[in-house]
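Here you get one chain, nothing else, as structure tokens; it is the form predicted alone.
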């Protein structure tokens, strides 16, 4: 191939490339979707953790909703008061208000009150233990106590207490839901901090059968439903279920006659730190 042929080939390829470049530039100009520059600015002011606790699919998606005016800055569970005000002032909107939400554990069956049928030896995770003889615990609905929830929490909002129960620190909890997903027994739930009446049990057994496995199990007696305001608590499958749409009716009186302490009135942190005697185990 002579030099002129090579130059001709180069020229043709260069012309084709230039033509496509021009077409792409024109298409980009024609089809480009304008985006409000405030979205980038607001995104920089957000935590950037993409925890999803606000209900949006990440911080940028939340920023888009803020700019669109469909959300309020206070609905970000990780922003401090000053940061909320900064975003509100930048956008010229109301800061808004939001209920503080936290993770709650629907089980109080620590090692001091539950029976253990067998000793679990294996991978020290709740997921693994749940797959092998239910981790050796007698109650099939109880917390396994191997700290999967503590490990997945990016905010150091969960620690394991002396009886093997995860304790959530309300001030640190962002309601991201990672602990909910990590628990193989679905014992965690996210609820507003102001919902103080909690049934710390998910066992579907009743009477002595439930209490033999766990001293603080709901035994299905129904006394809480009797003592509570009408419509607040209903017994379903031998378990007390609270209707939080009637939360304004909630009162500590519903816990007064519970024979096991399965239903409690919680102020702030769910489990108090106090020593408990160990319960004898079944071999």
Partner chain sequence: MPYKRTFRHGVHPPELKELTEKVKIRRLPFPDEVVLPLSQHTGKPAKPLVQAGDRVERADKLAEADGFISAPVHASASGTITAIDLWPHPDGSYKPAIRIAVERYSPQAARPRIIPRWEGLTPPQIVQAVQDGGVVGLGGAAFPTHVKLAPSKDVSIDTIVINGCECEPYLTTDHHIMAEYPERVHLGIRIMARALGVDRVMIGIEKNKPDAIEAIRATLPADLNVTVHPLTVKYPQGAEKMLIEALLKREVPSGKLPLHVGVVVQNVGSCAAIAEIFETGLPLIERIVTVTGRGVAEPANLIVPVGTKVRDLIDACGGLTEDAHEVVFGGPMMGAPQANLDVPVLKGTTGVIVLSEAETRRKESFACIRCGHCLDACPVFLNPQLLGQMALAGRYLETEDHHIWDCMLCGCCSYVCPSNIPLSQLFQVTRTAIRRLKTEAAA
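Worth saying up front: this structure is predicted, and the values here are computed from it rather than measured. Residue numbers count along the first chain shown, from 1.
Although not depicted, the form predicted together with the partner chain is the subject of the following passage.
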Non-hydrogen atoms within 4.5 angstroms of the partner chain in the model of the complex: do 88, 94 and 268 all have one? no
Looking at 193, 128, 167, 190, which is the one with a non-hydrogen atom within 4.5 Å of the partner chain in the model of the complex? 128
Of 152, 98, 180, 160, the only residue with a heavy atom within 4.5 Å of the partner chain in the model of the complex is 180
Partner-proximal stretch of 73-81, 181-189, 152-160, 100-108 relative to the partner chain in the model of the complex, 4.5 angstroms, heavy atom: 181-189
Answer for residue 213 alone: is it within 4.5 Å of the partner chain in the model of the complex, judged on heavy atom distances? yes
Considering only heavy atoms, tell me if residue 208 and the partner chain come within 4.5 Å of each other in the model of the complex. no
Decide whether residue 121 counts as a contact residue for the partner chain in the model of the complex under a heavy atom distance cut-off of 4.5 Å. yes
Quick one: is residue 147 in contact with the partner chain in the model of the complex, heavy atoms, 4.5 Å cut-off? no
